[in-house]
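Next comes just one chain, in structure tokens: the form predicted on its own.
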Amino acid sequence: MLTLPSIQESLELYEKARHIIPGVTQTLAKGVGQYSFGVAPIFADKGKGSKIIDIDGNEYLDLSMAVGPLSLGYCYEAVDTAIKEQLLKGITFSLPHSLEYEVAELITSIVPNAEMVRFSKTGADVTSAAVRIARAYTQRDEILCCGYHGWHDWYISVTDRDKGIPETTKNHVFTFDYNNVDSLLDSISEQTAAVILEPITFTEPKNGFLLELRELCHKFGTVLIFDEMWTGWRLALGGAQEYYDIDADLLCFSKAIANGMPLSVLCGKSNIMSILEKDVFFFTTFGGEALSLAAAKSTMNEIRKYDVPDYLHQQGKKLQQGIKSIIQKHQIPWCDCIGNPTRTMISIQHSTFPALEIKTLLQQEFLRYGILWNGFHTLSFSHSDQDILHTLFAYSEILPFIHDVLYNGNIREMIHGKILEPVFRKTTHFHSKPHLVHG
């Protein structure tokens, strides 16, 4: 059996960091709860292309890509050059920078319905701004949401990590279930300011779901907000609107737009966005920070030049179909690879053993093959055919091994690190609005 990498430096730094950084991370999906403590690397040192190197010097094929932002890959030359050139001119200025217009104009030329554009730094910034704008525009308070939309009060109030948020906040926000029009009908009304959702996570929209959603929002005078943190610049050049031919009123982007630099985008129809001129306050000191804007301009040009969304589809399709073939060949019923090819995940459903135990063992075994795996396949333009082949080879070795382990009932004996943790304990049928009857 291949050996696990040594992570001594990571463990030593963890002992220092845990006393001064809560959770030892700024991003929950990167923390020790999501990477098996004791066997998985904890701290990164550098990256290049599709590879990440930890502080112990171990190199891994990265299937997370910084939880999404690296659409082109680590240290992508064209983007890094744009950042370096702007660095020599300055980072943040006392006046708006011309890049603010240049990048905004580029977005309006690419994204449907992006008639006006504002910048910030994180996805939570722009989803929260979109919700505020929708409330001001409609003069209503109620929000319906579906998916993950960041850490701000309005959204986290409807999860089970809602400590520190006034109870009154929760009274205006409710969830509905994806691909379930009846769930939306049970909640939407003339009091609904906005419906915000991720257009797709790992389940494709079915039976005209997005179209019905659009029509219901129009019927009730409700603002439709697409949270395109994951779909923007990956699913299609113009995002989910282009891919599914559905018009949203407001769009929220981040992650892939600047290949790792911190930038988020709120854009949409001018009759709604123009409310930012006077009535709604959404300004930030670093919204016009020029290094990120230079990176975004270069990233978008590279994505358009090389049709990166199509490349991600092709590479993702090879990977997804390959995994499904391995599952079928070895008759492994508890495992599947789901999602759009541009971003897939392993779905685990076993009748006896908890999914998180199986996922922990999977992650551990991938480390033996030099792969950093967290259950998802978030590919970049740097993921080569060889990377796909290596990943499929690892799957062909690991899945049959774990299948035998489960059959023999000794999975706990094979796990050397800590069992992975869920991010949220409840994700569906949670804080739904009481059923409404429409006349």
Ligand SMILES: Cc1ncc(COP(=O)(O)O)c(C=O)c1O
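Residue indices: 1-based, along the sequence shown. The shown structure was predicted, so the numbers you read here are calculated from the model rather than taken from an experiment.
Only in words, not in the display: the form predicted in complex with this ligand, which the text now covers.
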| query | Thinking of this ligand in the predicted complex, which stretch from 227-235, 132-140, 313-321, 170-178 has heavy atoms inside 4.5 Å of it? | reply | 227-235
| said: So this ligand isn't shown here. In the predicted complex, which residue out of E357, E302, E289, E198 has a non-hydrogen atom within 4.5 Å of it? | reply: E198
| note | As a check of understanding, the residue in T92, T122, S274, T284 with any heavy atom within 4.5 Å of this ligand in the predicted complex should be identified as T122
| field | Contact flag, G150 vs this ligand in the predicted complex, heavy atom cut 4.5 Å | value | yes
| task | May I ask you to list the residues of 250-281 that have any heavy atom within 4.5 angstroms of this ligand in the predicted complex, in sequence order? | result | K255
